[in-house]
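Just one chain is shown here, as structure tokens, and it is the form predicted alone.
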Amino acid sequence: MIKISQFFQSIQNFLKPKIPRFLALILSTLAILHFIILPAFTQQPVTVRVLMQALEANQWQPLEEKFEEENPDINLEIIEGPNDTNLVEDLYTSAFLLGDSPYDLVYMDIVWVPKFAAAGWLEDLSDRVSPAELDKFLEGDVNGSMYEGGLYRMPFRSDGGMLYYRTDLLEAGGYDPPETFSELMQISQELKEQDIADWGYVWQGKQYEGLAAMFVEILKGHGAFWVNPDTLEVGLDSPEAIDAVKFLKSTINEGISPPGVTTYAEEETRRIFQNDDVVFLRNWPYVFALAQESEISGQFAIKPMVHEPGEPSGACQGGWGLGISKSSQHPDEAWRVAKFISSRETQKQYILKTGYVPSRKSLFNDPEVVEKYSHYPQLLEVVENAALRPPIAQYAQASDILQRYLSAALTGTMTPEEAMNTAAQETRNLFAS
């Protein structure tokens, strides 16, 4: 390779007989800038693409700007998708099935991980992050990011189901918050009889993914399980699982829950809790900030979900994080994005701005975070009781089976025994096929 000094001298020697020395010096300098230095400044940054819901894509804009400022050699391109998460999942799936995905990063709901990993669409990140670093994240978020021993997602924001309760209504009746299902039923019934409350308990009973998410908490609280991911054993037809269905059904039959609860998703239950005198609500952390801006501000609190005596409380593990597409042409640059996004500093910035739940444990007690969200230390207690939906490759089909038969039991078209026996058998058939 010719040295710059030699190149510089050769240009001067060529120009010297033809033009004055000072012009030769200027022209030779310009030649060096054009042929050697200028390309280094005009080299295009690598583009790393990720698809996400439109709402969150807008919320990520400050993160995108900060990342590109600190990493000028990478252009982070966030592509806006539908706000319906099922449609975003379908777009990712279609892109992978058609061949090389145009997305370098995959922004994933926790329940997508086993499906995408089993299909071979994601890079195993185990060698890129140390166990000591993973220990800084919530255990449920890490477990939900793994499949068959590999790590396929870096957690970003977490989520977990919990029990909201009206402190003013409990105080009016002289009650402490319940710990068990029977205590919840008793308090609800007595507050209704005293005309202190309109309803005792609202929850997500519509036939959709939220029904399955809610039910894993009731299952865990009864000492039951859905599917063992290691053995694929199905537990839906166990006596404890059938009792879990009977509990939900009893809240409707005994007037503790509104008859329309079998049509409610998250937002319907939130609005009823905020607008009516409802004692208890099962929902996600996002409700807290919205309820604080409503008429019940300062009149509610949160706690882990109730359970049977001697059984653990369960908080359905939700949350989102970043995986790297196996077909990405820029996996190292994609990892730099994932590492930046999952960092403590970035999570803190995002949490303070949006009110989402962090996946890093230390942020729940960070002074600035607690100053803005005083309930976060208590929220940590809730989300550490993680109840995972089964991390299996056939999760989408298994969830559809559970939703259909659980809905049938709750709406009275099948008995709890009939519904759960059939759901269990169809799930076993799914694994045998």
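So that the term is clear: the rigid core is the largest set of C-alpha atoms that superpose within 1.5 Å between two forms. Start at 1 and count along the sequence shown; that's the residue number. Remember, it's a predicted structure, so these values are computed and weren't measured experimentally.
We do not show the form predicted in complex with ligand GLC, though everything after this point is about it.
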- Query: 129-137, 297-305, 326-334, 105-113: which one contacts ligand GLC in the predicted bound form at 4.5 Å, heavy atom to heavy atom?
  - Reply: 105-113
- The listed residue (Phe247, Trp284, Tyr147, Phe225) that reaches within 4.5 Å of ligand GLC in the predicted bound form by any heavy atom is Trp284
- Position in contact with ligand GLC when the complex is considered in the predicted bound form, options Pro177, Gly210, Pro229, Gly81, heavy atoms within 4.5 Å: Gly210
- Query: Taking the shortest heavy atom distance, is Ser101 within 4.5 Å of ligand GLC in the predicted bound form?
  - Reply: no
- Message: My question is simply whether Gly319 lines the interface with ligand GLC in the predicted bound form - judged by any non-hydrogen atom within 4.5 Å.
- Response: yes
- Query: Is Asp159 close enough to touch ligand GLC in the predicted bound form, meaning at least one heavy atom pair within 4.5 Å?
  - Reply: yes
- Query: Does Asn75 make contact with ligand GLC in the predicted bound form, using a 4.5 Å heavy atom cut-off?
  - Reply: no
- Within 4.5 Å of ligand GLC in the predicted bound form, all of Asp90, Lys206 and Gln397 (non-hydrogen atom): no
- Heavy atom contacts to ligand GLC in the predicted bound form at 4.5 Å, residues of 378-397 in sequence order: Arg389
- Shift of Thr85 between this form and the one not shown at or above 2 Å (CA, core fit): yes
- Examine Trp203 after superposing the rigid core and state whether its CA is displaced by 2 Å or more between this form and the one not shown. no
